[in-house]
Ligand code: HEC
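A single chain, nothing else alongside it, follows as structure tokens in the form predicted on its own.
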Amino acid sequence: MRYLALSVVLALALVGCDEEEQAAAPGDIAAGKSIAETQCIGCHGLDGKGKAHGIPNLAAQVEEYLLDSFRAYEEGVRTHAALKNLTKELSPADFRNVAAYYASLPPPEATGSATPDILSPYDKGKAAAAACAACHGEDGNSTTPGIPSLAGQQPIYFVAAVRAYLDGTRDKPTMEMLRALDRVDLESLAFYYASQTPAVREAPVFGDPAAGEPLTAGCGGCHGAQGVSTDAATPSLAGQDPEYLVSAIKAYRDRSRHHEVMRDDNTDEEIENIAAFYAAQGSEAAEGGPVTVQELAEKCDRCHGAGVDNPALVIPKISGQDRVYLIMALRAYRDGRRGSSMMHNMSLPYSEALIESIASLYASQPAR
């Protein structure tokens, strides 16, 4: 499943490892403490706990990972002005000593009593979908003529369509309720609907599906065979409400909706035949179904979990790490602003929602 595959990428998001085993003299903890008192205390404290959200905890962190991080800042693989300047002031031995000092400290104690939000994007989307059910159906399968079904729809397209309604590119006043959703909520809603199974729809009372099929020859390149899209940014048309399809196709034809590709000049009769054909086709969910954050964490724990000992990899501890820092780090790997031999950029539209959920889960765990 594509979503689970993404979780493997997320699980490795903080690895930042060097494939060659590093050989160096042991660090001098006392010397490292002296350096930390003058160079690091302002942000990371002498106890290794970040002084503000977004600053990572260094206490009890893997020593070799801390050294790898220093090198990444020195080489520009990671970007931070203060740390870049610090790499010019300190010697390799200094870095080894500072890493040894912070690695020797006990894990930071958790602070605050707020319960973090560790719902999966699916769960968040399901909760947000309650406001949509009256029009689009409990699971996104609309039974109201003229109202589109959302079940199984491609997620990038869904997000783009909602934004088009909100910015006025598409005119639908009833969509104003979605202004209350932030980016994470919207991406979660997209994943929830993408995971629902589209219902089989009866043939419409208008149009000729047989006559409509040859007219869709130019549509299949984008919308897929029989209207089942395999592109997250292109909508599936199979099993869609036929009246909605008619109104949408006419809107593109008449230029009340704008798309550089959707410029066909079909007649009203031809449009009805196209809609009748697509409405009668079976569809499928764009995503494979609900996955909990805990299930995703099982993938992450293969590298980052307690008891993992692989000397070939330099893997940081992330349990109990600052939540905001984890979010920032995951975004940096996703966007290509941090390098790692084991990382791939994330591409799914709800990646922000997934990042926040994973970060919240690990930040809520006791540091070790």
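This one's a predicted model, so the numbers in the text were calculated from it and none came from an experiment. Don't overthink the numbering: it's just position in the shown sequence, from 1.
Unshown form predicted in complex with this ligand; subsequent notes refer to it.
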(request) Indicate whether this ligand has at least one heavy atom within 4.5 Å of a heavy atom of Ala59 in the predicted bound form. (result) no
(request) Answer with yes or no whether Tyr278 is in contact with this ligand in the predicted bound form, where contact means some heavy atom within 4.5 Å. (result) yes
(request) Consider His223 of the chain shown here, and say whether it contacts this ligand in the predicted bound form, taking contact as heavy atoms within 4.5 Å. (result) yes
(message) Can you tell me whether Gln153 touches this ligand? I mean in the predicted bound form, with a 4.5 angstroms heavy atom cut-off.
(response) yes
(request) Using heavy atoms only and a 4.5 Å cut-off, decide whether all three of Leu215, Tyr333 and Arg338 touch this ligand in the predicted bound form. (result) yes
(message) Only counting heavy atoms and a 4.5 Å limit, does any residue of 67-93 reach this ligand in the predicted bound form, and if so which ones?
(response) Ser69, Phe70, Tyr73, Arg78, His80, Ala82, Leu83, Leu86, Leu90
